[in-house]
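Let's start with one chain on its own, the form predicted alone, as structure tokens.
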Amino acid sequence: MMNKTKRWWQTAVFYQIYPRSFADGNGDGIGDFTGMIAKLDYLQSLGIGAVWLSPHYPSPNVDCGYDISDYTNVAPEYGTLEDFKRFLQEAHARGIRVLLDLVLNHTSDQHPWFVESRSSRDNPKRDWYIWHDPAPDGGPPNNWWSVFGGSAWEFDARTGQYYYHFFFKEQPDLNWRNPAVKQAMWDAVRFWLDMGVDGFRLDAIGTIYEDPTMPNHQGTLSQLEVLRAWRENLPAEQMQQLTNAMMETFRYQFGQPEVHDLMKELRALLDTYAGDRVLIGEDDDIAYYGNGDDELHLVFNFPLMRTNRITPAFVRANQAERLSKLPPGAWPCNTLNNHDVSRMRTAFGDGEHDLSIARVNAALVLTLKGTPVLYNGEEIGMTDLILSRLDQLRDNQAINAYHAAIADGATPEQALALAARISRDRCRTPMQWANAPNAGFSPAGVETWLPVNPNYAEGINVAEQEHDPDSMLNYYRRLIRVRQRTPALYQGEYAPVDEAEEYLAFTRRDEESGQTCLVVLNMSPEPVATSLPVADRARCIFSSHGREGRGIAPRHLHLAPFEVLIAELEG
């Protein structure tokens, strides 16, 4: 059945590619565009409609590519601008849209703009960044912190002033109150739109502006607590408490009102281009939808993954809160992980049923109302890799945590355990393509940029799962295929069915086609008997336990442990 009402970004399944770790095409241990091009058929076979690339720009890689030194080029390790154009063309030929990561808040300190800015106080680009005189005692202008540890101010001895950085000192914040900065960044946006990219995922939009009066913060979190709140999976209540405390600590450095006018301006720019280009914000604030049609198209539902165990009650509460606050016309966006947090199988497992729980959670993100965003490797059940040596760490945020723990009195072993646990490296290891040296990511004998998780030899690889009908990979393929051909699943309204503790049951109703689907996810390791107050009869269209094509009676339904069932209601 053809979709007549929704836009492509509302119905497509999105897939995040971390370029450094996806596919090594030239055998140097680092992913690149040649490798990505070779895997486009794989993405097409998975059913992916759009990919989001983490930064591919030239960068010193202090923050793994989020410190950009040139916004209109390609990092040499990934290839050339011509390689990118070929990737874009080949993706489009397969019906796959391409979104880029757009980092608006800051540049690298090696960007030519900042090199000029710090050269003298009277340089024309001085006001492109945020410079201030020292406090009367010679110290930083105020007590603001960097979210990655230490002061948010870095002293420049040559010019005798401090510059501001919300992230690493090598990532100076741009001054968006300067119209010349805005013009230069919008020129970079047009560069990629003119080339044909389909939109952007916007990095850290809440940090773009700061309170210009610069009051001291009143927050009480220590540096280690900030790092923990920023990265570590905790129980939902504790996570919310730490998140609230962190927001208080950074209240003058985050979420300033001017950012909404900026997002409206960026949206207006995109709307001048044909092809329905899209903006996704790395933030969970529903306010970034604006009136539903004048700011961002999609805003991540990050609260859905702010827990260490996803339960039916947790999901129902999340959906009730989230969907009720959306402005008219706004469309949800759901994900359960990305390049900054633990992999889904690791984050939400119980240590005994991790794979079964991961399958249930995959079904959850692919059946809730909204655009689903997957992270590369989830479709084969990849897990975190906790690194065992300090010299293996590439995430400078974790290295900072190591040194902060040492300063706090920890032993080197204790400090390494903390750093490895919160390191973003744990979820960024190379994609596992085969049961072969380096998991088929790079040739044998090549040292990959991060170690490969050795569990590739335990069936967690694409090649072995390709031909196993019961594999995680083929489970994802079946789910996505059912979603694509079922209007109720890709555009229907969500409604919870009951308040059960063991399982989650909800319907998706599409008024255009008249179709209603029932989704039932047993999140328990025990079998359960249900009596769901919906239609008497239904036809199963997806099952984790071999029920496809069968009639079922929702009012007399028995579910196996961790069973996933999707049925089209009759009548």
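In this text, residue numbers run from 1 along the sequence as written. None of the values given here were measured: they were computed from a predicted structure.
One more form of this protein should be noted, the form predicted in complex with 1-deoxynojirimycin (NOJ), which is absent from this view; the next part is about it.
Contact between Asp63 and 1-deoxynojirimycin (NOJ) in the predicted complex is found at the 4.5 Å heavy atom cutoff. In the predicted complex, Ala204 approaches 1-deoxynojirimycin (NOJ) with a heavy atom inside 4.5 Å. Contact between His217 and 1-deoxynojirimycin (NOJ) in the predicted complex is not found at the 4.5 Å heavy atom cutoff.
Arg477 falls outside the set of residues with a heavy atom inside 4.5 Å of 1-deoxynojirimycin (NOJ) in the predicted complex. The chain is drawn here without 1-deoxynojirimycin (NOJ); in the predicted complex, the stretch among 488-496, 114-122, 74-82, 336-344 whose residues come within 4.5 Å of it by any heavy atom is 336-344. The three residues Ser146, Trp153 and His403 each lack any heavy atom within 4.5 Å of 1-deoxynojirimycin (NOJ) in the predicted complex.
Shown without its partner, this chain lists Phe167, Tyr288, Phe348, Tyr456 as candidates; in the predicted complex, only Phe167 has a non-hydrogen atom within 4.5 angstroms of 1-deoxynojirimycin (NOJ).
Checked against 1-deoxynojirimycin (NOJ) in the predicted complex, the candidates Lys369, Arg483, Arg424, Arg322 yield a single residue with a heavy atom inside 4.5 Å, and that residue is Arg424.
Although 1-deoxynojirimycin (NOJ) is not shown here, in the predicted complex the stretch 268-286 places heavy atoms of just one residue, Glu282, within 4.5 Å of it.
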